[in-house]
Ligand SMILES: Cc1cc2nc3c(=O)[nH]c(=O)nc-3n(C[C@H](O)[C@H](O)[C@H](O)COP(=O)(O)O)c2cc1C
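What follows is one chain in structure tokens, specifically the form predicted on its own.
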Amino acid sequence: MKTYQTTCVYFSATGTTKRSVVEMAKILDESYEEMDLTICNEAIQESRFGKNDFVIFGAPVYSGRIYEGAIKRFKKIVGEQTPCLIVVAYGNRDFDDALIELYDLAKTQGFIPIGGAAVVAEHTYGAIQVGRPNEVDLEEDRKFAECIKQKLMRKELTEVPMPGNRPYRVGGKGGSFRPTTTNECIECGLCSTLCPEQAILKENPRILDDGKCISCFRCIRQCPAKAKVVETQEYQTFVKDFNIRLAQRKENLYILN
């Protein structure tokens, strides 16, 4: 039986995408490896994978597309007819063209997408599907990974097309809401270190580069002093309506043949 070295390659600003892809990787290979591409792409080196590798690509959905910064980083990952699984995480609205976009990218980079998943995660904004992926979701991820594991035992690995449209819808860019810093800031610099686009000044983490910020809210989630906030009336009005519109739970989608 052929065995594969599994690597999960992901962009995950708030950690929810990472939770799902890592849970799948654990089932596929106890000695799985991780490539976290969330931090700014200048430091990311080109990586190549062969036919004995298996890669899980994971990315969040930004307005129905893969975030364009994640796309740039994934383009440094090259396969040699390497089987892969593509996973997108979305905040309970819709994944739109994100799966097919990641599918197309994987193929262009030399990978064979043998399966895909669109998993629901807590939305970055408001209070939508808080805590997801939860244990029920992760158990579904594990069961799907078991199915992928069985497929990897076949002699021929078939490609699986993904839902979506070409040309893709407009999306994939950051949001417009900007965090501010309260007097609780202890200037530890963690937000600057973890910012996916280096939008927070290292010398003074209270200063945000508006042009670089993508509204991923990673700084808000990670700040140990809870000093990063979004308190504008515009944001409060937006999330009040958003919470209502996206209140109905959606289920994870797993695609395999």
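Keep in mind it's a predicted model, so treat the numbers as computed, not measured. Residue indices: 1-based, along the sequence shown.
Separately, the form predicted in complex with the named molecule exists; it is not shown, and the next lines address it.
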| query | finding |
| --- | --- |
| Segment assignment from 168 to 176, 99 to 107, 147 to 155, 75 to 83: heavy atom within 4.5 Å of the named molecule in the predicted complex | 168 to 176 |
| The named molecule contact in the predicted complex: Val21, any heavy atom under 4.5 Å | no |
| The named molecule contact at Glu122 in the predicted complex, heavy atom, 4.5 Å | yes |
| Contact flag, Asn134 vs the named molecule in the predicted complex, heavy atom cut 4.5 Å | no |
| Proximity of Ala13 to the named molecule in the predicted complex, heavy atoms at 4.5 Å | yes |
| Gly91, Gly126, Pro113, Gly164 - the one with a heavy atom within 4.5 Å of the named molecule in the predicted complex | Gly91 |
| Stretch 188 to 225: residues contacting the named molecule in the predicted complex, 4.5 Å heavy atom cut-off | Ile214, Ser215, Cys216 |
